[in-house]
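There is one chain below, alone, in structure tokens, taken in the form predicted on its own.
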């Protein structure tokens, strides 16, 4: 997806320049670049805002400023409004991940979309929300479900970003080594068992089989690397040396 097809992040009457800057940072984290501001109280290009953006100032420099919410939404085709409170309005209410999936489909189809965020202290008004097609509500701890502006942008933006990438669900990082082949792992087990031949329960036939199985389970289920195997060999050799 090109930058032109990404959703617009619309901040309605943000109060503090720092919060606008941090929202820009959150947007950049999530690959969102289009910011619109509705009647901001402070200058979004101030030193405070730029500093808070943490190298995402390009979003601030290209941000569009509008006098009211209607003007900020005029050229958009799909708009979703974020709110943590129940509103007496008949609209679809989506979780952030469901909304992200729908917005991804809309933007992929070439539709211009936007996500509305309200002022830090009060959130969006009912008048703003009635302009949106749907509501995004994030189910959080009911005892404390409010988010600051940049948190709300990051959470919602991240759900959209996940629809645009194919990140592996899990990785096993081995850095400058490689996973040890089973032959090498079992070779170490044989080596260790040989060292234990005259030790404790290993000398008792009834105990040896269970001990061997337990020990092999320890080393085979942990995906040892070649470097780790070399370290284990070194430890055993060190412990075996007579101490002066």
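Numbering follows the first chain given and starts at 1. None of the values given here were measured: they were computed from a predicted structure.
From this point on, the text means the form predicted together with another copy of the chain, which you will not see here.
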Which of 108-116, 121-129, 95-103, 74-82 lines the interface with another copy of the chain in the predicted complex (heavy atom within 4.5 Å):
95-103
In the predicted complex, does each of 5, 15 and 47 have a heavy atom within 4.5 Å of another copy of the chain?
no
Option touching another copy of the chain, based on a heavy atom within 4.5 Å in the predicted complex, out of 55, 62, 214, 207
55
Does the 4.5 Å heavy atom contact test between residue 28 and another copy of the chain in the predicted complex come out positive?
yes
Can any non-hydrogen atom of residue 33 be found within 4.5 angstroms of another copy of the chain in the predicted complex?
yes
Would you check, heavy atoms only and a 4.5 Å threshold, whether residue 194 touches another copy of the chain in the predicted complex?
no
Which residues, if any, of 136-153 lie within 4.5 Å of another copy of the chain in the predicted complex when only heavy atoms count?
138, 139, 140, 141, 142, 143, 144, 145, 146, 147, 148, 150, 151
